[in-house]
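Starting off, we have a lone chain in the form predicted on its own, written out as structure tokens.
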Amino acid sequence: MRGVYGNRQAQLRLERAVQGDGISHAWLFTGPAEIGKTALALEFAKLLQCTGRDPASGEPCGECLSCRKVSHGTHPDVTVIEPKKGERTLKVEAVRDMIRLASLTPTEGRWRIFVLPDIERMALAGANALLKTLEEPSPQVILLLTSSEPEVILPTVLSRCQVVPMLPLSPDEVSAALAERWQMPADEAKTLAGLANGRLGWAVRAAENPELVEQRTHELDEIASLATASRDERLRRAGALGKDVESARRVLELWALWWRDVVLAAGGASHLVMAGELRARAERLGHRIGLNSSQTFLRALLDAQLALEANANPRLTLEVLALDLPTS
């Protein structure tokens, strides 16, 4: 699919569903935030509505009127359902409006398609209303849902969807996308790709908002400096960083990103994602503590991420890591 980068396995699954006429009425795209879940859902909508596609191809033509309307957000039968501006939660009224539209015959396309990003933000009443549509789907309606936290979705909703897992992009995929689609200079694309942690959406926003790059660089600098901090200082910082689940999750992702480079440096690799002083610090630490110690701590970080998703205490989780941090 031309409009999507990475996650080729997910793309192939959708292409095969269309080619084999195995189209479910509900799909759920899962994976970390800003990796392209909504972009893939919209590209799938384009494929489903395309009128110029070669039947043997899994690609939308990208040129027919339908494809162009989906790309510009003007197709009358492809609707994105999101919370109102300034609101985090999708209210039940928006879901009821969608249900009303779902009862209508498609205006131009073969399907009436609804894209619902981040359905974990849906109010419980909205989720229950959505469930009725999932249980009694109209033959011409397709729901394309996305979620960064599928574990909090009602099991009754989850069980009625075809789940499409998606993974963060590699730094090379992010860099290539920035260079090809956003015409970014190669050096700038590589730098942003290294900081993006597999999230193309973040990289695109950061290209337009330099303060995001400054913020992330500062956060990584804080994480890297833990390796040379005293025991008391490490505990103090860990307590501040782990004040809630969201902040702890964010810290663990960035911590693992930097320690990946420490492990690579310890193993003698040169293809690190960090640049400048952060890269130099990762190399110095990796050479000093060695491959075994750096791998052990990276595994501890990954285990902590899983524990956090299983409702571990965020502050305690980060404090334990801070105490176990290899420093010599």
Partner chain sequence: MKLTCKQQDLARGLSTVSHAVSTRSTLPILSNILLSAENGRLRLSATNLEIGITCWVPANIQEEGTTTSPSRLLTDFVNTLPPADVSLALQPSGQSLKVSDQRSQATIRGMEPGEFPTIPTADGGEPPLTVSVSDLRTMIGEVAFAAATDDARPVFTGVLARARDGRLTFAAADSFRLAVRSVALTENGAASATTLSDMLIPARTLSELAKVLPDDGTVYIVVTPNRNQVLFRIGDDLELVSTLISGQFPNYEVILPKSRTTRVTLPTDELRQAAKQASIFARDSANIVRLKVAEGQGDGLTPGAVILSATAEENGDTTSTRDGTVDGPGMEIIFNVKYLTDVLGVLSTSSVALELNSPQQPGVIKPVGDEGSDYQYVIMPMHSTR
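Numbering follows the first chain given and starts at 1. None of these values were measured; they are calculated from a predicted model.
One more form of this protein exists, namely the form predicted in complex with the partner chain; it is left out here, but the text below deals with it.
Peer 1: Is it true that R250, E309 and N311, all three, sit within 4.5 Å of the partner chain in the predicted bound form, judged by heavy atoms?
Peer 2: Checking in the predicted bound form: none of R250, E309 and N311 is within 4.5 Å of the partner chain.
Peer 1: Out of the stretches listed (98 to 106, 184 to 192, 240 to 248, 147 to 155), which one is close to the partner chain in the predicted bound form, meaning heavy atoms within 4.5 Å?
Peer 2: That would be 98 to 106.
Peer 1: Report whether the minimum heavy atom distance between L65 and the partner chain in the predicted bound form is within 4.5 Å.
Peer 2: Flag for L65 set to yes.
Peer 1: Within 4.5 Å, heavy atoms only: does R88 come near the partner chain in the predicted bound form?
Peer 2: No, R88 is distant from the partner.
Peer 1: Give a yes/no on whether H72 approaches the partner chain to within 4.5 Å in the predicted bound form, heavy atoms considered.
Peer 2: The answer is yes: H72 has a heavy atom within 4.5 Å of the partner chain.
Peer 1: Is there any non-hydrogen atom of R112 lying within 4.5 Å of the partner chain in the predicted bound form?
Peer 2: Contact check for R112: yes, within 4.5 Å of the partner chain in the predicted bound form.
Peer 1: Note which of P83, P165, P76, G201 lies within 4.5 Å of the partner chain in the predicted bound form, where distance is taken over heavy atoms; exactly one does.
Peer 2: If I apply the 4.5 Å criterion carefully, the residue I get is P76.
Peer 1: Can you pick out, from S170, S138, T228, T217, the residue that has a heavy atom within 4.5 Å of the partner chain in the predicted bound form?
Peer 2: It is S138.
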